[in-house]
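So this first bit is one chain, no partners, the form predicted on its own, shown in structure tokens.
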Amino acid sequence: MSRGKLTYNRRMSLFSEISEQPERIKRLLASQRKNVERIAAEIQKRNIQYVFLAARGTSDNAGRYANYLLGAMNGLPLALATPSLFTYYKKPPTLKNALVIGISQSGKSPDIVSVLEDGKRQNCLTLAITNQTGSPLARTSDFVLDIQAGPERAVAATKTYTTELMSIAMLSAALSGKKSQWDDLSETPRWVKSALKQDGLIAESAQRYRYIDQTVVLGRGYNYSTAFEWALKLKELTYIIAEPYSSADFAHGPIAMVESGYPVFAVAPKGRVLGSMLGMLKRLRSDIAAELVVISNDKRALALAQVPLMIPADVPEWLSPLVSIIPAQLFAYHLTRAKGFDTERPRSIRKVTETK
């Protein structure tokens, strides 16, 4: 499809869904807090020792966020499920004392449903985090957390991802009982709205990369999930080879692929892992002369980038994935347009993918 022939209606498009996110997150917080607190109370009644989480695609990246958040804030180990053990191999693991969570925008994927069905068979507490409260996943679960994203028509998921993250963050706050966490959550719509204001800058910056065909995306800690989700959006929409890595894993071999001018995208907000990320970014810029696009609220990280993308300075690390993904989504959207591809109908994929 040639450049110049595509037309875009921003009022009903991927862009409009990206723009809806502050309001959707605000609505979720207002409408689901009591439900989340009720779910947390039931979890605390049980002898829950760990979380067993099943998801695919974008929702799997939300699971990566849960892995860090529930571990760091709530002391709950989290295992990401391997659904094929439940479907093809018929050898599900023992899930004694587990909270079994399924995350799915549509709630229709049979393999995710099968994990929660087996969780119930093993007398585990089950929770569906979904945008479809009448879905098979929701009907299978003891509790349903409605992410309140509204209809998402674009194939590439955006607002369902951030509302999944918000749902997980709300659950963490309810389990901890800390007012400070709820105070932080109430600020999230404002931070997301602020990040959206960079749209013009990102649209212009994306032009610089319209001819790239590969990149790596780096993140660590809470934003390991953001690296995976940014890379996924780039693959889905722009068709470039985008490989996500922890900055620590990247140092153990894959850095060898980077040469002068190679594009490296990174998510490096303030927090415990910033020092590690800064060390990697300095090495890439000074020693290798890589081309850096950096999302951060730290001046040192931003100063190392050819394209610095800012998020608000006061975003706490534990909520930074909800905000840092916004520039990443906009970047993927505008790079898709710069390459002349259709943001609404990526090739070879559908909105709902039902795997077994």
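Throughout, we count residues from 1 along the sequence that is shown. Keep in mind the model is a prediction, meaning the values are calculated, not measured.
There is another form of this protein, the form predicted in complex with another copy of the chain, and it is not shown here; the text below is about that form.
- When contacts are judged by a 4.5 Å heavy atom cut-off, residue 297 does not count as touching another copy of the chain in the predicted complex.
- Taking the partner from the other structure, another copy of the chain in the predicted complex has no heavy atom within 4.5 Å of any heavy atom of residue 131.
- Residue contact with another copy of the chain in the predicted complex: residue 56 places a heavy atom within 4.5 Å of it.
- For the chain shown alone, residue 230 is not a contact residue for another copy of the chain in the predicted complex, no non-hydrogen atom being within 4.5 angstroms.
- No residue in the set 142, 145 and 311 has a non-hydrogen atom no more than 4.5 Å from another copy of the chain in the predicted complex.
- Residue-level contacts in the predicted complex: of 169, 202, 192, 95, one residue has a heavy atom within 4.5 Å of another copy of the chain, and it is 95.
- Segments offered: 145 to 153, 132 to 140, 208 to 216, 161 to 169. Contacting another copy of the chain in the predicted complex at heavy atom distances within 4.5 Å is 208 to 216.
- Taking another copy of the chain as positioned in the predicted complex, the residues of 251 to 279 that bring a heavy atom within 4.5 Å of it are, in sequence order, 251, 252, 253, 254, 255, 256, 257, 258, 259, 262, 272, 273, 276.
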